[in-house]
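As a starting point, one isolated chain is supplied in structure tokens, in the form predicted alone.
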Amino acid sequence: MLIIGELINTTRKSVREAVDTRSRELILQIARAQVEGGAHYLDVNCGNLIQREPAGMEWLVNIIQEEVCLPLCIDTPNPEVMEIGLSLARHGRPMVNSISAEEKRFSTVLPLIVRYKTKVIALCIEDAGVPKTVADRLRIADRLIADLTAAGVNEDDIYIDPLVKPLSTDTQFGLDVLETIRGIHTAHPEVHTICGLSNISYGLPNRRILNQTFMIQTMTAGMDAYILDPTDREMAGFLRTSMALLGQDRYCANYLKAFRSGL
């Protein structure tokens, strides 16, 4: 199970203010907390800074790596900013967040993946837009995997995001994601699947319960990576419990460790 910590994102007011004022201690505090929460990667996103994004990305990547040795997931819609982040990443293999089957996005991001030998999150979206059916998702996933591997990317380095959409707009959307996960792992057993969970509960009350339940359901379907808040102790507890029940925790060692730590 791969966990990408999502908290270093300038859409969060405190993070944006820290970047604007170059408050290194707050950023390091957030980074350390995610490490302690069990993250394997730290997502770095300052895309809403627009013209200030290149300087923001450079500052964030350098500051985080002063004290934290986890690899980074460089998260930006701007290929030039992505290259800045990847060129500065020095702990482990970085990850690209993200590529898609949209022609312009694919053609500009693929060279960076190959040049820096990264892992990659690949979104099931194409120029025609967000897929409406499971069949469309699987078709786009097949295309992404074929094109990435043809360029030399290993299947084990590909993380397909099936795109989670709000259950409040269509009660089929949760099932669509589960079916897509199963379909991808059946056709491509070496490829991984990943998602953020919060979209599923958008517009509904008690979102936390929906997110937690959906995480358990997607794990049962085969999801093996998440972008989430690793400092959420309740979510972390459900994650470790599910891993034990699904046979992903040898001798329940991580479950017992989590119990002793209070999760």
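Quick caveat: nothing in here was measured; it's all calculated off a predicted structure. Numbers follow the displayed sequence, beginning with 1.
The same protein also has a form predicted together with ligand THG, omitted here; what follows describes it.
Within 4.5 Å of any heavy atom of ligand THG in the model of the complex lies no heavy atom of L148. Though the partner is left out of this view, R207 does reach within 4.5 Å of ligand THG in the model of the complex, counting heavy atoms only. At least one heavy atom of N199 is located within 4.5 Å of ligand THG in the model of the complex. Ligand THG is not shown here, but in the model of the complex it comes within 4.5 Å of a heavy atom of I227. Checking 116-124, 83-91, 133-141, 180-188 against ligand THG in the model of the complex, the stretch whose residues place heavy atoms within 4.5 Å of it is 116-124. Residues N9, T11, R12 are the members of 8-23 with a non-hydrogen atom no more than 4.5 angstroms from ligand THG in the model of the complex.
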